[in-house]
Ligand SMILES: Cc1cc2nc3c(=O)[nH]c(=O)nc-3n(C[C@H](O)[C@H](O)[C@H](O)COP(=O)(O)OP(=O)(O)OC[C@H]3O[C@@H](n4cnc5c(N)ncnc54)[C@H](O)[C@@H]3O)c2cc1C
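This document opens with one chain alone, in structure tokens, the form predicted on its own.
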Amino acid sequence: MMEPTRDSRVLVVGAGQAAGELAGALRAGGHEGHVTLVGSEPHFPYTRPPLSKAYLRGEVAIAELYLRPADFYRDHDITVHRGVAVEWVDLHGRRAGCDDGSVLDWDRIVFATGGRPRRVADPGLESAGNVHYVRTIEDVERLRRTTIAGSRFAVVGGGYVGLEVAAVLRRLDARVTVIEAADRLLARVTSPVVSEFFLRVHTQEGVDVRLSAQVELFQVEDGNVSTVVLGDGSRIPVDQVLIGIGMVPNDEVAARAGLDVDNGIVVDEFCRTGTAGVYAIGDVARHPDPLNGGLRRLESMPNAAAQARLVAEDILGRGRPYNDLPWFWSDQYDVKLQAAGSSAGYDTVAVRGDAMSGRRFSVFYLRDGVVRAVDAICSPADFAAGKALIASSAVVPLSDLQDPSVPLRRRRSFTSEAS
């Protein structure tokens, strides 16, 4: 680790949520050196979760997405290069070159490059005018410019982004078909009971959900996709197509620089790479998993903000290992899902409330009797209690978890893994 200096030059590659949080935390912590952000988008740092929700619905303006007003960066002597991309980084010479020809010197560099939507490997889609991805403000503005009411939308991908957008489109009176290759929605991130719940909700809201459905062909006519052909031969006429099949980390510049890259930039528990003074945070960082061992890469706003604060403290000489409990949320129709922990490797599920007909219940995930994760649907109290149980490695009787009349905040009947 390099010795902390309050006047070091900090270069942040990227200008999204993690970058903006880091810059603010550095100044709040008393850092006096140059702080420079370089981002390829034409915006100051903004938060992305509302893009597929409130911003798509037209309920918030661009200015409300920004983490801080533009004056903040000027007033705190933070340089933000917008619409500029870093093309190369010299780790030994401590320099970085940008696509506008500029070369920037640094003492510490933080990769906060995020990710980009995974694209369908179909050359015909690249030029199709009615195919959409959701990652940036411009992506959503382009989607909002389409004639949504009455339009036939095919949403390819039954993950959180696809389902959130599908929910907004239905509220805007679009006709929506969700096409998911797996045999259930959200198959990679949650349990069958939660998958079945969201299938029921979207079906009740008028979405045509196709599971175990493989896209065989996107039929393009006059520069637009007109029909989505599935592997079973069924044909879905469309006016618009939205692709939501995951994200790819933007780790190419780091790889060219010689950093360890494996589905993201590999870092230690302090978000440090193997080179002194070089960090990675947010969606692009692949860091140790204190819950399950090994490495993980989290795509969530809370993770990006927490890692930004941690790296700011490390640069200021007050570093600590990153062991924050992962959590996130999803809004669909009148349903708010709040999830915490990691359900990987769970062996028992406890359902609290009515998951079959209502829209309020919680699912607790246990491994070897220990609460490891929670999915709380319209149940903020269960979410808060679940986070506390996970943090303390609580062992809770299944009957207590399953009984809504038992207050989960009442801890005296519970034990912990360490006790």
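Sequential numbering from 1, following the sequence displayed. Just so we're clear, the structure is a prediction, and the values are computed from it rather than from any experiment.
This next part talks about the form predicted in complex with the named molecule, which is not shown.
J.: Using a 4.5 angstroms cut-off on non-hydrogen atoms, would A18 count as touching the named molecule in the predicted complex?
T.: Yes, contact at 4.5 Å.
J.: Does G114 make contact with the named molecule in the predicted complex, using a 4.5 Å heavy atom cut-off?
T.: Heavy-atom contact with the named molecule at 4.5 Å: present for G114.
J.: In the predicted complex, does A373 come within 4.5 Å of the named molecule, counting heavy atoms only?
T.: Answer no; every heavy atom of A373 is more than 4.5 Å from the named molecule in the predicted complex.
J.: Could you tell me if T177 has a non-hydrogen atom within 4.5 Å of the named molecule in the predicted complex?
T.: So T177 does not count as contacting the named molecule.
J.: Using a 4.5 Å cut on heavy atoms, which of M301, I148, L259, V278 is close to the named molecule in the predicted complex?
T.: None of the others qualify; the residue that does is M301.
J.: Please identify the residue among V194, V241, V86, A339 with any heavy atom within 4.5 Å of the named molecule in the predicted complex.
T.: Looking at V194, V241, V86, A339 one by one, just V86 meets the 4.5 Å heavy-atom criterion.
J.: Among 211-219, 72-80, 281-289, 233-241, which stretch has residues whose heavy atoms lie within 4.5 Å of the named molecule in the predicted complex?
T.: Comparing against the named molecule in the predicted complex, the contact stretch is 281-289.
J.: Listed by sequence position, which residues of 164-185 have a non-hydrogen atom within 4.5 angstroms of the named molecule in the predicted complex?
T.: Only a single residue, E164, comes within 4.5 Å of the partner.
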